[in-house]
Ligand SMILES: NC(=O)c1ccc[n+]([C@@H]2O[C@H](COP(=O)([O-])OP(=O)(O)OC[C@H]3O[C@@H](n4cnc5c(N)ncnc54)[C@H](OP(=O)(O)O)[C@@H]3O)[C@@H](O)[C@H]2O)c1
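Next up is one chain by itself, shown in structure tokens, the form predicted on its own.
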């Protein structure tokens, strides 16, 4: 009898993680025995100890989240390249680790997860102007994907300017003159953006309680909310929570409407490119959709088994949801 798979997620402050529910469903759908644990690590040394369990055979696969994605890449022996990123020259902080031929391999499923979630929501980025909030692990992982999907311009804003400048420099070596650093707190040039992608930790793990939403304006009131209310861009929040995220609630309070295109379960791999819709409003349940697609791809890397991301997403998004 095959030994049960031992999987898990490594990060800090991740007690709210939905990954155990996603991968429990993946194990069920695939008929593969196994379990999935949370490794909440206080520091890099503790995370390294968990990574080492892959080399010793105590674990079979790991997801990695904040703040250990860059550490995962640095610890690995090899990087699994993503073909459409210009021959793989754009390496990314890793969110997936596994052993292959006695090597610890790092991969990122963030970009493919983002692409699949956008396609499932009928979002076409070709020719669009995109604002990316956050240049940390998640922001770095999806920035190249946003340009690979055809964005005409990508503005990157980060509370610390150095990571944004470094990320933009790397992006422009592959997509010349397509990326630029947007100073945090400076709204110039943002009134006409088509898509806003939130990838910071502001509101991480929180639902839209009054206190959580109250904390955000000091950090985000510099954004051109009044102009966006008149011409709403699509807001895709990578965070997820048991209800609207604080940013989603803040955006709605500032006049952005809800966008219901993800209220129904996304399909995993649309065979026909859907008719693109104009970006407008707050794309609810986007973080959950992207997470489900990430999980499906990580599970395939670990096991070779394909699972339907829509069925994984259904395990974490209530069946009777409404965006109206």
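Since this is a predicted model, take the numbers as computed values, not measurements. Residue numbers count along the first chain shown, from 1.
What follows is about the form predicted in complex with the ligand, which we do not show.
Original post:
Out of 246, 137, 233, 120, which one falls within 4.5 Å of the ligand in the predicted bound form, going by heavy atoms?
Top reply: It is 137.
Subject >> Contact residue in the predicted bound form, from 223, 146, 239, 197 (heavy atom within 4.5 Å of the ligand) >> reply: Only one listed residue qualifies here, and that residue is 239.
Subject >> Contact label in the predicted bound form: residue 287 to the ligand, heavy atom within 4.5 Å >> reply: Looking in the predicted bound form, residue contacts with the ligand include residue 287, since a heavy atom lies within 4.5 Å.
Original post:
Is the gap between residue 98 and the ligand in the predicted bound form 4.5 Å or less for some heavy atom pair?
Top reply: No, no contact at 4.5 Å.
Original post:
Given that the partner is absent here, does residue 103 sit within 4.5 Å of the ligand in the predicted bound form, heavy atoms only?
Top reply: Taking the distances in the predicted bound form, the answer for residue 103 is no, it never comes within 4.5 Å of the ligand.
Original post:
Is residue 190 a contact residue for the ligand in the predicted bound form, using a 4.5 Å heavy atom cut-off?
Top reply: Contact check for residue 190: no, nothing within 4.5 Å of the ligand in the predicted bound form.
Original post:
Of the listed stretches (287-295, 50-58, 254-262, 28-36), which one has a non-hydrogen atom within 4.5 Å of the ligand in the predicted bound form?
Top reply: Careful reading of the contacts points to 287-295.
**OP:** Check, residue by residue, if 20, 300 and 303 all come within 4.5 Å of the ligand in the predicted bound form, counting heavy atoms only.
**Re:** No: none of 20, 300 and 303 comes within 4.5 Å of the ligand in the predicted bound form.
**OP:** Quick one: name the residues from 151-165 with any non-hydrogen atom within 4.5 angstroms of the ligand in the predicted bound form.
**Re:** Result: 158, 159, 160, 163.
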